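Single chain ahead, written as structure tokens, the form predicted alone.
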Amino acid sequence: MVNTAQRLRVAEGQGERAPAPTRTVPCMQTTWPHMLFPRPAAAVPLVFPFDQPALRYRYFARNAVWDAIRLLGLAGERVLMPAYHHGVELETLLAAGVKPVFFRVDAQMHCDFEDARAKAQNIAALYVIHYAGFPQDMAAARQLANDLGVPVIEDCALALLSRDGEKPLGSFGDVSVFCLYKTLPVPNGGLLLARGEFARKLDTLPPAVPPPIPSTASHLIGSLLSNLELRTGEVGRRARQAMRDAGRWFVSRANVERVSTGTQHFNIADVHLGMSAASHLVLRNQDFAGIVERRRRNYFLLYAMLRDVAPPITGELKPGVCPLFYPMPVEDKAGAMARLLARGVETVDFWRLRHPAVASGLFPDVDKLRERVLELPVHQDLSPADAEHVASCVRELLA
């Protein structure tokens, strides 16, 4: 019989193979088969931002960032940007000719707009990021931008469907960027929303090109297999692994072009790609209000069980917030991820790698966020029992 200590050694690449966990909790939402059946567009009420007129659907959110820079005419200009970022949006800005000026983000993921104001000489735009669905102080951001006479780029890649009270995130900026597949089970999808004078310029951007069908199919099948594993446990896990092995063989033989999502690097060769028809289909089959409700429920369940040992660094969950994850601090992030995975709990290691444009030690709070923050899943596929299982595994880990 394999004991807990042996399981931990296996998770770290040592000892015997541990038995498969009895429950599988994927880190991201999955595609359910019913989402692939067409529905009349009128059957699904549109919510923000999908109900806005000046939209441009893209394969990646980074493509939308590229479009935003062209729309605002920021090539060669200095742009205020948070020091805490994924890296791909920064690579996109650099590739577009932008000169980023970084400002402080504190230990609770709050943008320091006073630090931004102190660095605002010859600035052409303000770039703001909402982390894990939690809103920044957009009144302060808007005031700073108005004082400088510059537009606001509102990055909602991690904050789709989230609100600050009654006002949707993404409705504060002059242009806003969203990533759909971080919150919704679409195989790909980014979105650019423009307002005012910039909305009238959207038609000046080059038209988007449909993405490769094999790439979309690959992502979609992977998400369907994750759903199978979530629903059936060990049977689904074996089927998923078998399909993965077969897929790798097919890709190697057929030389299939796969445009990967979730990468940290901007590839200008993919900047022309739009969102796939499959993503539009899945999008029309979403219960947006239900998604927000279930994510908030799962977050509150984790908070109730973990606040004494692992309180979230973002603080309380205010009305309107649609949480992307439950962000908790850990001392050994890699070890914690391995131990939780051995228990069937997938976690997310967002933004651990620092882009070389930001020197280490220049923003200590940001360095700690990258080193210590581990994101627990709260997505809409998880039942209350799944959320309780995640919390129990974390408590066991910390004990």
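So that there is no doubt, residue numbering starts at 1 and follows the sequence shown. As the structure is a prediction and not an experimental result, all values here were calculated from the model.
Heads up, the form predicted together with a small molecule isn't pictured, but that's what we're talking about next.
Contact with the small molecule in the predicted bound form, defined as any heavy atom within 4.5 Å, is confined among 279 to 287, 292 to 300, 178 to 186, 105 to 113 to 178 to 186. Looking at residue 129, you'd find a heavy atom of it within 4.5 angstroms of the small molecule in the predicted bound form. Interface residue remark: residue 86 is counted as part of the site for the small molecule in the predicted bound form, having a heavy atom within 4.5 Å. In the predicted bound form, the small molecule lies farther than 4.5 Å from every heavy atom of residue 220. By the criterion of a heavy atom within 4.5 Å, residue 61 is counted among the residues contacting the small molecule in the predicted bound form. A single residue from the set 230, 161, 153, 158 has any heavy atom within 4.5 angstroms of the small molecule in the predicted bound form; that residue is 158. Contact with the small molecule in the predicted bound form, defined as a heavy atom within 4.5 Å, holds for exactly one of 32, 57, 50, 351, namely 351.
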